[in-house]
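Next up is one chain by itself, shown in structure tokens, the form predicted alone.
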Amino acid sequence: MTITVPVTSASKERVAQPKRVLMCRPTHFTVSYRINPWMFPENPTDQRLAEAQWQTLYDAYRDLGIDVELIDPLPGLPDMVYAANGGFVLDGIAYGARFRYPERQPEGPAYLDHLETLGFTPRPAASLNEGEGDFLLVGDVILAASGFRSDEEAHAELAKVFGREVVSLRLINPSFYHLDTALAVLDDETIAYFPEAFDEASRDELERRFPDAIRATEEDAAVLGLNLFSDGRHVVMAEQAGTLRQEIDARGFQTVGVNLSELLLGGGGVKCCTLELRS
């Protein structure tokens, strides 16, 4: 396979940035209801395997020098392991999640309360949104998605809270129901995404803003290869996404592969388990 890379991107030295994240152990993880196409309650899950796979992600972050905070998992909230959905944290402010489905709604206040104990200023949301699942910071711009979980009204609320430019995107493929399943931020200028997850206007906007973006294959998107976390140099991601890993490595990043196959049964991967804390 030949990987074609722009010379300027390939030759750029990547520098790791200090990162602080929030995670939640999958103590109560199971698939007991269906709110996305990945979930099949009739199929058994292995909580011990989920815990072991989650631990490899936690250990990978610690090995990379990433500061990891933990929130206590609560009984009856099996999806709480997907910490990214718990809010959006920027400039010392924690904008709270307001979940669409009743099964997850108690997670919103639980996460916002915990973020306040960590020193962030809480801002409860008036509009439906699922936190960093649908809001991703690229440089000074926030990419924000609607279509399945977060309402577009939350985008205006987000812009008001943080005083940043917010770019609205629309998801159209239910398998990629959160932005972080269809688009990945590698550094302040570089993204990767799966074009077919977005409507035509969103694809045009991404093409205009990020002409050198990596475009993921359907095969790599289908294992949530784009659901990754980067410190600007190291990229922790699904080891199964082989072509995407080659593309990212060819751009000068260093990929770290992990296997979260059990958590994938709930529709989540690396990024879903990771809420970035920005002071």
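Just count from 1 along the sequence shown to find any residue number. Since the model is a prediction, treat every value here as computed from it, not as a measurement.
If you look for the form predicted in complex with a small molecule, you will not find it shown, but the lines that follow are about it.
> How about residue 222: is it within 4.5 Å of the small molecule in the predicted complex, going by heavy atoms?
Residue 222: no, not in contact with the small molecule in the predicted complex.
> Decide whether residue 82 counts as a contact residue for the small molecule in the predicted complex under a heavy atom distance cut-off of 4.5 Å.
Residue-level check for residue 82: yes, a contact with the small molecule.
> Examine residue 36 and determine whether its closest non-hydrogen atom to the small molecule in the predicted complex is within 4.5 angstroms.
Yes, residue 36 is a contact residue.
> Answer yes if any heavy atom of residue 275 is within 4.5 Å of a heavy atom of the small molecule in the predicted complex; otherwise answer no.
Residue 275 lies outside the contact set for the small molecule.
> Are all three residues 178, 181 and 266 in contact with the small molecule in the predicted complex, where contact means a non-hydrogen atom within 4.5 Å?
Every listed residue reaches the small molecule in the predicted complex, so yes.
> Pick the stretch from 183-191, 138-146, 112-120, 74-82 whose residues have a heavy atom within 4.5 Å of the small molecule in the predicted complex.
Only one stretch qualifies here: 74-82.
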